[in-house]
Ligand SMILES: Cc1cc2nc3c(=O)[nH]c(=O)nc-3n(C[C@H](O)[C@H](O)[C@H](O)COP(=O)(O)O)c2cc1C
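The chain that follows stands alone, in the form predicted on its own, written as structure tokens.
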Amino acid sequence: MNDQIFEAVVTTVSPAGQPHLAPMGVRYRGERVVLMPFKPSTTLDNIVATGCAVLNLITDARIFAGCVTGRRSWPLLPAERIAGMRLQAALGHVELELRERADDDQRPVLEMARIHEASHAPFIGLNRAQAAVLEGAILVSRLRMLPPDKVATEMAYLQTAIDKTAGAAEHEAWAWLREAVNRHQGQPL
């Protein structure tokens, strides 16, 4: 398996039709996309129940930050070939169907076949603030596992990219992440 991980947002739908968004690192294995959601997770439950998901390729860092800070309500559109939803803000999306599942106590491996791919907007590149927000979102998703001093050091380092290259969207996303860190560490907001 290619050990290179690419960050995206996976959308799934419950059997009752409730959409769910989750930022996730994905791997590509030939024509397949490999997802490894943690147990327990809504993403895992939805994929096992419905057999499908959508991989959303985005540059709007607010969506990554929003998902890890409780802001999961982003405009969605119906997928084209599967019973799923895609992010309206996606530059592109890949509709996936479950082909193989290797169970694991912590992170099952789900091999997903690409059923349909579409591009919606050109990719013009990333700025350092978008990357900083993405790294900050990963830190926030692991607050319960990381020592507070490591989080503080990492956030201080990432702040430089925010200060130098952030636009309004990145500043908004960064504020959400700082708020989550402060709340977790019991600091005043």
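Numbering starts at 1 and runs along the sequence shown. A quick note: this is a predicted structure, and the numbers were derived from the prediction, not measured.
Keep in mind that the form predicted together with this ligand is not shown, yet the notes after this line are about it.
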item	value
Location of this ligand contact in the model of the complex, chosen stretch of 53-61, 124-132, 151-159, 23-31 [non-hydrogen atom, 4.5 Å]	23-31
Heavy atom of each of T43, R107 and A137 within 4.5 Å of this ligand in the model of the complex	yes
R72 within 4.5 Å of this ligand in the model of the complex, heavy atoms	yes
is_contact(G66, this ligand) in the model of the complex, heavy atom dist at most 4.5 Å	no
Stretch 24-38 - residues with a heavy atom within 4.5 Å of this ligand in the model of the complex	M24, G25, M36, P37, F38
